[in-house]
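First comes one chain, alone, set out as structure tokens in the form predicted alone.
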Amino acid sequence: MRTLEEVRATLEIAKLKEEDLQKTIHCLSFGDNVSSADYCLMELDDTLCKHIEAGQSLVIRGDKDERAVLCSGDNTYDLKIADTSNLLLFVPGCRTPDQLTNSQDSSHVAHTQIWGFCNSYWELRKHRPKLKKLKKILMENPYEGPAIRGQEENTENRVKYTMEDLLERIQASEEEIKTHLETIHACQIDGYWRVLDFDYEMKLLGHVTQLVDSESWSFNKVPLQNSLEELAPLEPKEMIEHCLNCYGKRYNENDKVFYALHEDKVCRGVALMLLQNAVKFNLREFQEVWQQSVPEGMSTRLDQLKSVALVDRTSRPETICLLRVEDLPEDTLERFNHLFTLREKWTEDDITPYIQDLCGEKQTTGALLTKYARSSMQNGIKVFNSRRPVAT
């Protein structure tokens, strides 16, 4: 280990003045068996630092065939290795200049041991959660309703997932997973998360809307307790309440629970039911059947179908078909390639619902279109097509 005299000799050779330096001089030395593989560094922003300081944890998630992501309680981050030309040293107990004082009368040497070193670190970038897999694995075993009396639900060779299982499989934070479970109308049954079979979900919605009609209730004031009592002979109360949560907003009035059914959600559900078995539907005929199929007093509008159905105004007659954003690729380039195989040219209004979810933090759909598409004018309307040839 160096002595103060040896340090002063080194300063003289380097032509540095001792009075220009801190009184505490760190003398670094490598410990035994130090290796660059012993430690990894990760750069955290203020939010994640406070998250760690509060005693919370960060989790790295991903299957063997997936690129790892890091998750906090409510956000997902991409992990990327960043190389640095400077050697980064791990020195426990080392104090920075702002932590030192010059209260000592003379210089002194502090011997500090290096525990490890590294020439790269993990760089984090906030990223969209990868949630498509969530519905995919839950759809392996959709809930089709209670078993017929005397029979049990056939779950042989079918996997069911708890929240802990989903956290192991899905590359997203727990908060993001919970939000998406709500979006896809999943519910907990016997401790497992399940998505409802679409036909069964529509059956539940039909029971609710028919009850509202028969009782002459307002769609904005559907009493929970009365609904459960009236429909209990047909379906489990938990499923009726789940349906009301999916298609309405819960509120309390005079110590009673009511639901205001959401017109757009109900109309959207009915439209999906009509479109699911048709490749294409004559638009005018579809609009007539759709309006006749929704509960009396509700009005259908095409803007209720953004991101789930695509209208073709160029065909004769005009048509509409099912195209759900949740069925499209999660990768941005793959998404654009797929969209341009479906249609060569898109207006901004048509394509926006199908790329909105790709936008990162502070990113706009306009920026995505500039990067992945080429614009041109067609009959006075701006349209977008692929920047490269796309196989059809």
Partner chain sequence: MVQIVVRGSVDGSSPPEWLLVELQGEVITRHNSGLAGNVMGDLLYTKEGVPVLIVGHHILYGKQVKLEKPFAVLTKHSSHSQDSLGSHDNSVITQVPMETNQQGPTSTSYSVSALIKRKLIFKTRPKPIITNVPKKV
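It should be emphasised that the depicted structure is a prediction, and the values quoted were computed from it without experimental measurement. Positions refer to the first chain, counted from 1. For the two forms, the rigid core is made up of the largest set of C-alpha atoms that agree within 1.5 Å on superposition.
Another form exists, predicted in complex with the partner chain; not displayed. Remarks below refer to it.
Note to self: in the predicted bound form, does each of 223, 241 and 281 have a heavy atom within 4.5 Å of the partner chain?
What the structure shows: Contact check failed for every one of 223, 241 and 281.
Next item on the list: State yes or no: in the predicted bound form, is some non-hydrogen atom of residue 317 no more than 4.5 angstroms from a non-hydrogen atom of the partner chain?
Entry: No.
Checklist line | Residue contact check: residue 254 to the partner chain in the predicted bound form, 4.5 Å heavy atom | finding: No, no contact at 4.5 Å.
Item checked: Exercise: residue 168 in contact with the partner chain in the predicted bound form, heavy atom 4.5 Å -> Yes, residue 168 sits close enough to the partner chain in the predicted bound form that at least one of its heavy atoms falls within 4.5 Å.
Item checked: Contact of residue 79 with the partner chain in the predicted bound form (heavy atom, 4.5 Å) -> Residue 79: contacts the partner chain in the predicted bound form.
Note to self: Tell me which stretch of 223-231, 195-203, 180-188, 119-127 has a heavy atom within 4.5 angstroms of the partner chain in the predicted bound form.
What the structure shows: So the stretch in question is 119-127.
Next item on the list: Scan 94, 298, 139, 289 and let me know which has any heavy atom within 4.5 Å of the partner chain in the predicted bound form.
Entry: By the 4.5 Å heavy-atom cutoff, the listed residue in contact is 94.
Check: Within 4.5 Å of the partner chain in the predicted bound form, heavy atoms considered, which of 34, 367, 325, 342?
Finding: Comparing distances to the partner chain in the predicted bound form, the residue within 4.5 Å is 34.
Next item on the list: For the heavy atom contacts within 4.5 Å of the partner chain in the predicted bound form, list the residues of 1-21 involved, in sequence order.
Entry: Counting only heavy atoms within 4.5 Å of the partner chain in the predicted bound form, the contacting residues of 1-21 are 2, 7, 10, 11, 13, 14, 15, 16, 19, 20, 21.
Next item on the list: Determine whether the C-alpha of residue 381 shifts by 2 Å or more between this form and the one not shown once the rigid core is superposed.
Entry: It does not reach a 2 Å shift.
Check: Cα of residue 95 displaced 2 Å or more between this form and the one not shown, core superposed?
Finding: The answer is yes; the displacement is at least 2 Å.
Margin query: Could you check, with the core superposed, whether the Cα atom of residue 114 shifts 2 Å or more between this form and the one not shown?
Written below: Residue 114 C-alpha, core-superposed: shift of 2 Å or more.
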